[in-house]
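Let us start with two forms of the same protein chain, each given on its own as structure tokens and named structure 1 and structure 2.
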Structure 1
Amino acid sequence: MTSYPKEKINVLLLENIHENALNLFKNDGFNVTLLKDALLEDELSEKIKDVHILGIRSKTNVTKKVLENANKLFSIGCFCIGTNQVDLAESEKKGVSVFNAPYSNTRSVAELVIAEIIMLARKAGDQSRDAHLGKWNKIATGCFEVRGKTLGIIGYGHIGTQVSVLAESMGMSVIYFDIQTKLPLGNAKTCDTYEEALKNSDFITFHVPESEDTVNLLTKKEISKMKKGSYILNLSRGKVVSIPDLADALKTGHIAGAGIDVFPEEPKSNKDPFVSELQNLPNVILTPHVGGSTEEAQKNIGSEVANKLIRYINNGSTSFSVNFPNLELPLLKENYRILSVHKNQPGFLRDINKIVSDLGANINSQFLGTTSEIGYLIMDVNKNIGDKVREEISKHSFSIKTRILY
């Protein structure tokens, strides 16, 4: 065996990451420490010196200073969606792969969208508030079934497609618009233009990423194309819908209701106040960016990220890494695997191949991927040339990190 012994691989999990992750690492033989809180830059800079795998959520910042001390670090797992708390460019240059869990909460968002569609159609949010205040407001006017109504989904990706399936099962007709060609699920129909989706929907729901093209995707111009009395939902990103324009359309009654979970400016913590032009408007459901916040999503995040990290350590797979070339090479029996992170410079592959053949091994498979900064190479050789090959590759001036497995 040439792989580094698992019991010597130190995994540090911060911010009370779900116990699912802890158990996966423990069961695979890693040496795991779980801490409840985030660590500040200075504390982490000290602690990181002995850490091979770091697990964080959104409150720990992995800065350049932290990374300067992280000489044993192989990989960082962000047990959340975002990765902007990590200096990704610096991690990449240091040969530290970063993983996250972008799709663990897909279903949670889709379920809240479906719940809100019915709540809006029945004005149930306002009725509940009235009842709490002691008002008995039994009405049928302006309240509808969702069966037979048309839902327009803007962005038919992971969440959009889940919403599509659930909405159809409630008897809604689904149409969607996506900038990419997407396979329609069930009886959903694609629209050739965004405008076509806006014009023909009773409900419009946004499931797009934030980008230059999606900021202010819905302003008064687009709202004017929507049917009178239709509804708008945004559980994607805060800048996609213009809040002042939506507020105006709700006041005139052109839009009959809205479900909004994300805002252009959101409070940093639960202690900070929240202010929005949508507050106190009729039939508006406001939620504090909780579309993906469920116990199930937390559990899924725990196992999704831990499994990605374990696969990276065990076989070098970087599928879904956010800062490394995404590579996956099937395991070859009775072979030895060499993993190399190096500067993306011409000639490195030629030099590695020479090192390996000079040591008398035959290369049985090889897979190289590059970013503008680094190259990542997975290679299987037929002979255990163990420490010698690592030593030779590490000496190369373009080398960043080398590992040998099995």
Structure 2
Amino acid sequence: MTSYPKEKINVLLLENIHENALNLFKNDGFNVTLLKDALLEDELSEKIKDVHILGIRSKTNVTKKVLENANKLFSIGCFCIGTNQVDLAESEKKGVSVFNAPYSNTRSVAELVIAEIIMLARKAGDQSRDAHLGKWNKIATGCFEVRGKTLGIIGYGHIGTQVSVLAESMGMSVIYFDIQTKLPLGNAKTCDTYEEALKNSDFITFHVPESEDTVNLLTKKEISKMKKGSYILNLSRGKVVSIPDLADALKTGHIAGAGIDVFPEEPKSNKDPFVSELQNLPNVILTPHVGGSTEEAQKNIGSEVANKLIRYINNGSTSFSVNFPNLELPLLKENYRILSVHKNQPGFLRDINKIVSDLGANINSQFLGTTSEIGYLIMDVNKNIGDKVREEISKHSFSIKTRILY
């Protein structure tokens, strides 16, 4: 049992997060609200004032302004792979742990990549559109098998490696480039440089996070180094590929086709219009950020992130947090657990141990982890000193947030 009643812990889930997550929170006794859409900054800044756990997907931005209003917030769950929509540094300073789902939708994204490679090679998108319009345009010109073609993968992580395995099973040759040394799977071969991958690929697919290094990773400069008649796929982050430069390359025929699932600016909801320079260009597959949108992926993501959040609330575990030290201490019977987030400054552990000792309690176990900015402490004591120890710790100049778990 936690010291703070679970029915008073408010969970806000946005962007129609899978009901699997909703049920996990409800079954554990939390007070849960589920909204279908994302919230704008001002709306979220107001809504978050009474929220203890926030669940989002990719369209909700948790900014510094939002966090300034989140005085009750314990944790944020990103029910997706990326966390760039959250101000991680500010969350860390506020003592708010952030969790995500780096693995749960890898297969779904990888399968869509393979499907789009085949569809682009056969111009199937254009053929389907023509047939719907009543045009019978049966041709073989410019249509190819993918067997024997070379796929270049930029970013050989969880999704990139899945794509690699699936592509090889289709008879493709796979090369890849990653800024970190990665062990190739199957017969895949690493490239020494990004340019080497571009020059030698018939298809290029991106599977990289959004960062300063990956914004405009593909512009007209890089496109000029690719084979004439090659194809581009981006199902990673919207700012990785320069859309205007890709549109120009498609119009000139230097690029034969493209599959784009993510965009620099995306509608906030399904009710808002979508506009792109790639619309109505030949052999271009546009999808509305659905790479991980399968029933299996959303269910898995719902379970993965919800369980991480619930473990954090129930026992203080920060395993797999992206902005906190990763700590996990087994629950000990007949003990009382204190969780403390503080500035990473010398002397805090000494001072908190003295506070506990002065209150007449014995420390049975403690586990401290630090980042450059904060320290996170899990401490078990043999005496219920709850409100008193929290009050004393909160007076410390290094203290950020203290929770008496039970």
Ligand code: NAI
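For residue numbers, the reference is structure 1: its sequence is counted from 1. Since we're looking at a predicted model, the values are computed, not measured.
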> Is structure 1 or structure 2 the form predicted on its own?
Replying inline: 2
> Of the two rigid parts between the two structures, do P330 and L235 both belong to the same one?
Replying inline: no
> When the larger rigid part is held fixed by a C-alpha fit, how many degrees does the smaller part turn between the two structures?
Replying inline: 27
